[in-house]
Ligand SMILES: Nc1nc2c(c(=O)[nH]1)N[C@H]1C(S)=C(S)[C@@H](COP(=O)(O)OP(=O)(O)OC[C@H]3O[C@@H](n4cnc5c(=O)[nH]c(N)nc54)[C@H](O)[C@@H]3O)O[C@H]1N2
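Presented below, as structure tokens, is a lone chain in the form predicted on its own.
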């Protein structure tokens, strides 16, 4: 059997001898999963009330994914994972000082991540005591004063202010302002580890750092092309949009190394007919199991076929008027594509020419096309070229900048995009620094700050002395985790603003504080009364959110109040910087955001509760290309695979996955229902042909080791070999457990996004 035939084998159908979930996404399986989590957390009536208001105008915005909230919501406008996040936040479990009296941090390091978070909500501020190896209670005043003294002694540029992507626009704006008033632009964010390739790549190609689509486009498109995104687990509410599109005749083509159930079949839990006697909805018209990193080759193949069709029917395939008037670089791209042979394309993609031809036929038959992608495109060494080829494909027929068409990355954390919009960015060119200086009477730092990778490099070389974390579990989320975990305690100061205990809190710096914050679902009452916060979804709409649940402790502060408290304790007084007034009334912070970003946030306070959110606009959607060329740019490919390591005998490509019982680093349980897996997360997935080739047997315990020659030994032992339907040469396992195997230096060349979807490894039996 040839390489192409072997690689194509897994794309032709499911291996019946491997685990599989045979039911639709959604349906009774989804409801059963929710009942299981609810039984564990026993959250009470507040969770039911929160779910009834979730993602609705005037309600509370989900703390999980960043998918859009429709103007006319369903009765239950939440998904399985969104409900799990709500139940997890409103748990009755508490993790207070009494817990830390019983457990040292050394003891807790042996606990599973799941068990750490399952202790429940943090109830009061805590300070690490090295003598007892425990967190001890501390007052808010003492915590703020202690942190402030440490920050005053440090060079501001040796400190890092990280944000997880959860906090609202108000806290995020103030956090960025605090950093710049203090004297640095070291503002890495969770986007650095997932979609920074989008922010950098799309900005370079079409002049916007975000996608161009709105929900209305999905009601008009003729075809949707999916690359490397698992909707069923990561953004399940999107399935309602896809179901409607399919039912009106839209065709969906999916490229993914893993056959994810959400893009195969869906049963709407809110449709009584489908839940009883009706059939489920088939989502993907075509589903191709492309090799990890092979999307570039697959898209080059489609582009070649589109160009061939234009040659056969000149003037009837390409949108020449659009290409000539609105784009640059077409001829160079065309020439580069023409030199690539079909055997090269088939080998790199793992797909046959006939398969790619079926995808190209759907593209050619569609007048309006949307390109969807997730971290399967961004988390690669050549992630930029992944995005560039998708943009190339769309530009050929004018599929950016008109209704029913466009490019649409699907973001993860609920406000990860919005935080960037209001200034959580290490690049000062993305921030209106002149306006900030005018508004607040200070000199803003102009040097580029540290992103996540550069911050980690600074941690390893000793130049980073302090880390302030607004949410997240950064030690667990980072690549090269063992090296990061070992270096973390060397810092002079670590501060975590958090709702629950996690692995990062077990690696304190020389001085360390845990600051418990309100969750978004809880009522936030300040001096002027109850407050609302705002977020931005993946489709660039802004929504107001009001929590109503009773706070789990009277010792909690909001993220806005914590940022203000830290800033007041650190910075000299400034008559133009009114931390107390802003904490008392978040509407004043929104006024500041509007003054700073008037085009995006016009009439912010008045519009924040518009049904469906208000759209802040997108230049590329209007074909106003904010690029160096002033046009949308075609890109000539220079590689055929996004993998940053060459093929070698015995070398496998690792793809990291999230389970159905997981959101980012939060583990809700040990079921990966939608892949037919459950139990231990310490597994390595591999197809049976590769098992035979490597002389492995099902259930065998093996070690995965990194196969990059940088003189660092990275390995994860104790993984159980589990047969699974994957392309040849590919293994898969769970994030964050396998982050150990992703070198810090192995990242996208343009954005430094860790290449977690295509790392070279070997299996040691």
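Residue numbers count along the first chain shown, from 1. Quantities reported herein were computed from a predicted structural model and do not represent experimental measurements.
A second form of this protein, the form predicted in complex with the ligand, is not displayed here; the remarks below concern that form.
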Quiz item: Going by heavy atoms within 4.5 Å, which of 176 to 184, 490 to 498, 348 to 356, 604 to 612 lines up against the ligand in the predicted complex?
Solution: 490 to 498
Exercise. Verify the flagged residues 214, 399 and 633 against the ligand in the predicted complex: is each one within 4.5 Å by a non-hydrogen atom?
Key: no
Quiz item: Since exactly one of 687, 421, 531, 664 fits, which has a heavy atom within 4.5 Å of the ligand in the predicted complex?
Solution: 664
Quiz item: Of 376, 188, 301, 406, which residue is found within 4.5 angstroms of the ligand in the predicted complex when only non-hydrogen atoms are counted?
Solution: 376
Quiz prompt | Any non-hydrogen atom of residue 382 within 4.5 angstroms of the ligand in the predicted complex | solution = no
Quiz prompt | Residue contact check: residue 454 to the ligand in the predicted complex, 4.5 Å heavy atom | solution = no
Self-check item: Contact test in the predicted complex: residue 471 vs the ligand, heavy atoms, 4.5 Å
Solution: yes
Practice problem: Classify residue 747 as contacting or not contacting the ligand in the predicted complex by the rule of any non-hydrogen atom within 4.5 angstroms, answering yes or no. | Solution: no
Quiz item: Is any part of 178 to 207 within 4.5 angstroms of the ligand in the predicted complex by a non-hydrogen atom, and which residues would that be?
Solution: 190, 193, 194
